[in-house]
Each structure stands twice: as structure tokens, then as C-alpha cells.
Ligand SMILES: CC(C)(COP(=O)(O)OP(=O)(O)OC[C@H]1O[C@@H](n2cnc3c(N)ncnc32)[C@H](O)[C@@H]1OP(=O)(O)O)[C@@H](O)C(=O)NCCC(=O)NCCS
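First comes one chain, alone, set out as C-alpha cells in the form predicted alone.
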């Protein structure tokens, strides 16, 4: 079987197969994300806003013409809130209806920046002003094959052809994922964000 992978940036619209794939992988592999708690209707609206944004990028990883992973990058973390303001009431209501109390509390922590109280001003500044790897997932059966590393490196290379940036941040509460960022992609730990009920570890990667 070929080890070659291809990346596809989604710039217009998702086809039906891509949307089904994204919904399934988010709910299986990004279970702690707010996106995984939302209805398919809201996820569809979310992705349409994301695709239309000039500040957020969506890429799908393909192996042998099969969708096997995806990643979302934002030019700044703040765009992940600002670009979706029109959905905020729908998202909160959806979370309330589905009793997602933890997700609501974590949104409030983020909105009021209470999640960053343990970080120095310098660290807050570089987090706020640089590219952020927001969500990433590779299908379970394709993990531990080097696909994630090749995928992210190809996406970063593609992004740097369009944007001038030298630093990327990412957060995770998953030890296996943290290990992947540190050992496979050369990110290093810089601090933590407060989350209920498991804090996020923050990593950064210097591209200079």
C-alpha cells in the first residue's frame, strides 16, 4: 500500500462525503472539543463560516484517495471566537439542551481569558499574536504510521507560501497527543490553560 499522502485545502464548500467524514472523526477523535458536542446542523454552519473566513484554514489529509485526517489552523486564536459570533447563541442553546455544562463553563473561561491566568504577559502575547493549530485528527487505523507528521509538515509548508509567520501554538489535554507534538513535530511545552476538568498543555513550535 502506498505511503504517499496528499493535502486538500477546503476553500469553497465541503462535499457530502467530506462533511460526513469530518462529523464522524470529530466525534470519535476530538471528543473533548466543543465542536464534538454540537448537532450536525450547527457543525455544518460552523464549517461554512470557517471556509468563508480569510483567517482560518481547513485541510483534509488523503491517503490513496481516502479521507483519513483533517486539521484546522487559525491565524490567531481570537479568530476562533470572533469569526463565529453569529453562532454563539445557537451554540450555547445547543449545549444547554444537551446538558453540556462542562463545555459551557470552558467557553466562559475562554471568553473572559480566565484560562490564561497562570501565563506570563510575554507568553500571552505570543499565543495571542501567532498561528494556532486548533484541531487535528487522523483516523485511528491510520495512526502511528507517520501520516500525521507528514500531513502537518505539508500543511505548514503550504500555509507559509501564503502567510508570513514563524511560530505556531497548540493546546491539548491528551498525553499521547502531547507526545506527538513534542517528539514528532518538535513543539515544546510553554504553559497551561485552565479547563474543566483537565487543563490544556500549551506547546509552541518555532519555524525560524
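A quick note: this is a predicted structure, and the numbers were derived from the prediction, not measured. Residue numbers count along the first chain shown, from 1.
Separately, the form predicted in complex with this ligand exists; it is not shown, and the next lines address it.
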Seminar exercise, completed: Of 143 to 151, 35 to 43, 158 to 166, 49 to 57, the segment with heavy atoms within 4.5 Å of this ligand in the predicted complex is residues 143 to 151
Seminar exercise, completed: Checked 91, 116, 138, 103 for heavy atoms within 4.5 Å of this ligand in the predicted complex; positive is 138
Exercise. With the cut-off set at 4.5 Å between non-hydrogen atoms, does residue 184 touch this ligand in the predicted complex?
Worked result: yes
Exercise. Is there a heavy atom of residue 66 lying 4.5 Å or less from a heavy atom of this ligand in the predicted complex?
Worked result: no
For this session: Would you confirm whether the three residues 123, 125 and 206 all fall within 4.5 Å of this ligand in the predicted complex, going by non-hydrogen atoms?
Result: no
Problem set entry | Neighbours of this ligand in the predicted complex among 35 to 64 [non-hydrogen atom within 4.5 angstroms] | none
